[in-house]
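Next up: a single chain in structure tokens, the form predicted alone.
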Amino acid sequence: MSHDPTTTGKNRVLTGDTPTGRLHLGHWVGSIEQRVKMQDDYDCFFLLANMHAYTTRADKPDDIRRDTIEIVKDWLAAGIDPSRATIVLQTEIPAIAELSWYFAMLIPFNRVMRNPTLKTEIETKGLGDKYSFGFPMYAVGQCADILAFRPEFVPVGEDQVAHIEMCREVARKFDQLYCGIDSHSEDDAYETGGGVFPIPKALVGKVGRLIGTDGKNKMSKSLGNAVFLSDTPKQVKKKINAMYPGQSRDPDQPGDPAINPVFQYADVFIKDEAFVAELRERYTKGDNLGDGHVKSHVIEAVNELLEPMRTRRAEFEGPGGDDAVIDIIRDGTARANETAEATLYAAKEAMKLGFGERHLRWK
């Protein structure tokens, strides 16, 4: 990484989100919470994957632009600090697009289409066989998103681990083919052995799959079962109170917390573990503890988590808020281009394409 002018001496982290709408509690426990905690100890890059949004919404550019700005507001509200982390706009990092092309030569098309995350998205989004050519390309592009910044760790939700594994395969193949790394090498030896790319590791949040307010499916905006980080106290209360507890019972009758999704929320969001254990025990015994009582404590805990986020987000609402967000995006992207260009230069040198360095200017 000798060409990288932004090296800090810290291990690097890269992760991000596709701007498809507001972030919710599933994003928080799956990845965002980890990002906030890692900002001081790691060199963090957080990517706005707005190019990937076009793979399924190319006809909605206004929505994608709006969602890109809104997702940054969610990040800032959650505690992402642009003075401690670099916020990156994907479409303004040309090295990503170029690396995507090179990486596409290293991985068979059939391997891309076997990616379980990609297959699930085709099914859940009802794309059938009508998806664009660019849709499967985004799986390769995601490898470039990550490897352009040569991170050690990639905090992701459980459903994204398959993408990270494919990224690891691409990094190994590149280093073996162009840098002479022995295919029997341990992953940790690739970069130290002269490879351009380290083999990144996925970091899954404390909850890989948060159940949505429908009580059965993973929390998702498209399924209408999400509690958003920007929801008001009344919205939080309404959504959680409407959650089906998985069983019908009298408060004086034994219940099964294992099938009650409300208890997953209690485990995740109520800080007092002893209190949660007491709720669980009373619920199991039928000790005059109804579902509404458990929900009330969950609602209180969730609102306690979200209240500081609401306060921080309010700073970017109203006149001038969007402009302030765009300035943050531009500043971060200018720094990110230095890192990505250094990576691209190293990759092209290894591929015998290094006929000179280029320097980008951001206006």
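Each residue number is its position in the shown sequence, starting from 1. No experiment lies behind these values; they were computed from the predicted model shown.
Beyond what is shown, the protein has a form predicted together with ligand TRP; the following relates to that form.
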Legend entry - Partner contact for Y138 in the predicted complex: ligand TRP, 4.5 angstroms, heavy atom: yes
Inset, instruction - Indicate whether ligand TRP has at least one heavy atom within 4.5 Å of a heavy atom of D17 in the predicted complex. - result: yes
Inset, instruction - Indicate whether ligand TRP has at least one heavy atom within 4.5 Å of a heavy atom of V88 in the predicted complex. - result: no
Inset, instruction - Evaluate L47 for contact with ligand TRP in the predicted complex, applying a 4.5 angstroms cut-off between non-hydrogen atoms, and reply yes or no. - result: yes
Legend entry - Partner-facing stretch of 260 to 268, 277 to 285, 139 to 147, 215 to 223, counted where any non-hydrogen atom is within 4.5 angstroms of ligand TRP in the predicted complex: 139 to 147
Legend entry - Contact at V227, T232 and R312 by ligand TRP in the predicted complex, all three, heavy atom at most 4.5 Å: no
Legend entry - Single option in I71, V156, A78, I181 placed near ligand TRP in the predicted complex, where near means a heavy atom within 4.5 Å: V156
Legend entry - The unique member of S185, N115, Q160, S100 whose heavy atoms fall within 4.5 Å of ligand TRP in the predicted complex: Q160
